[in-house]
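Just one chain follows, in the form predicted on its own, and it is written as structure tokens.
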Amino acid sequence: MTPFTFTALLFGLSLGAGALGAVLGIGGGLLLVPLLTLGFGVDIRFAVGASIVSVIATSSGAAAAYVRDRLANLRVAMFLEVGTAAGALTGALLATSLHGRWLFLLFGAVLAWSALAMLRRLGGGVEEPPAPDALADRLGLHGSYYDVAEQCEVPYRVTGTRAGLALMYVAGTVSGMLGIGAGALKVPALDLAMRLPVKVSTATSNFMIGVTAAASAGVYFARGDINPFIAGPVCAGATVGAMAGTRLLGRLHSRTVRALFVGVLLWVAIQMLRKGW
């Protein structure tokens, strides 16, 4: 394979990964790491380094549109970034002590858990109203957004703020170790623990993953794990794809977004667990 062909293929695959990542709030790193390692034979540490840079670019491309459309909850995002940024630094420092095989297995296990947790919400039905949360009331975390697909304003109340903050530290640690922005954990945490609508969860996750990735990117750069020949086309493709993905999210129904999220997670989890095993 010539360098030009390699670069063009990376750009094209990253384009699709960025678009899907923007819709699902996972930043594209969830797909890029297995694509680079399984499809191109790239060492997982270089794949993680390229992914962590692309996550920053993807978040920057998608966040502006989601903030403009009031899908991203900025108050929730900034409150939870305290936990994710601290976790990202922890994870980046721990990554050097784990063998590549264990990174594959950990990656697969995290994704499988996320998929099963989201799958339970696909059944629909009438849900109980969220429990009162004094901290959420004090910080003014509640909000609303206009759902283009449903043609109505959707108000929501936030709950489980302390549990959400703890889960975000775990998500940040996973992000720092695996280079995925940890949207695979953030979206379920926002959706299940804090009871945000799934569109708000994905949009808020997109806003947060860039900050989380930036907290650990310096560690990867200092270690020499970021290869410009790989990270360059990946970053460019993911950014363009993310900008296209933001236009799609508002037109999709919430159930479709959740089903798509579960399907992608299950497929990638199986592939990564097989590779690690």
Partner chain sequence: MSVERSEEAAQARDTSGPLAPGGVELLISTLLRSGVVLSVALIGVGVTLSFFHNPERLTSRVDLTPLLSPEHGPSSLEAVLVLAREVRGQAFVMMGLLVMMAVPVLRVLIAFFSFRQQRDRAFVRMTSVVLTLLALSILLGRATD
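From a predicted model like this one, the values you see are computed outputs, not experimental measurements. Only the largest set of C-alpha atoms that superpose within 1.5 Å between the two forms is called the rigid core. Numbering follows the first chain given and starts at 1.
Below, we turn to the form predicted together with its partner chain, even though it does not appear here.
Student: Assess the spot marked by Met78, Ala86 and Ala214: is its partner chain within 4.5 Å of a heavy atom from every one of these residues in the model of the complex?
Tutor: Yes: each residue has a heavy atom within 4.5 Å of the partner.
Student: I need the one stretch from 190-198, 86-94, 150-158, 101-109 whose residues put non-hydrogen atoms within 4.5 angstroms of its partner chain in the model of the complex.
Tutor: It is the stretch 86-94.
Student: Should Met208 be counted as a contact of its partner chain in the model of the complex, where contact means heavy atoms within 4.5 Å?
Tutor: Met208: yes, in contact with its partner chain in the model of the complex.
Student: Are any of the heavy atoms in Gly61 no more than 4.5 Å from a heavy atom of its partner chain in the model of the complex?
Tutor: Because a heavy atom of Gly61 falls inside 4.5 Å of its partner chain in the model of the complex, the answer is yes.
Student: Since only the chain is shown here, I'm wondering whether Leu38 would be in contact with its partner chain in the model of the complex (any heavy atom pair within 4.5 Å).
Tutor: No, Leu38 is distant from the partner.
Student: Contact with its partner chain in the model of the complex for Leu252, defined as at least one heavy atom pair within 4.5 Å: yes or no?
Tutor: Because no heavy atom of Leu252 falls inside 4.5 Å of its partner chain in the model of the complex, the answer is no.
Student: What are the residues of 238-255, in order along the chain, with a heavy atom within 4.5 Å of its partner chain in the model of the complex?
Tutor: The stretch 238-255, when checked against its partner chain in the model of the complex, contributes Thr239, Met243 at the 4.5 Å heavy-atom cut-off.
Student: Taking the rigid core as the superposition reference, indicate whether the CA of Ile44 shifts 2 angstroms or more between the shown form and the other one.
Tutor: Yes.
Student: Does Ala77 shift between the shown form and the other one by 2 angstroms or more at the C-alpha, the core having been superposed?
Tutor: It does not, since the Ala77 C-alpha is displaced less than 2 Å between the shown form and the other one after the core fit.
Student: Inspect the rigid-core superposition and answer whether the C-alpha of Leu192 shifts by 2 angstroms or more between the shown form and the other one.
Tutor: No: Leu192 shifts by under 2 Å between the shown form and the other one.
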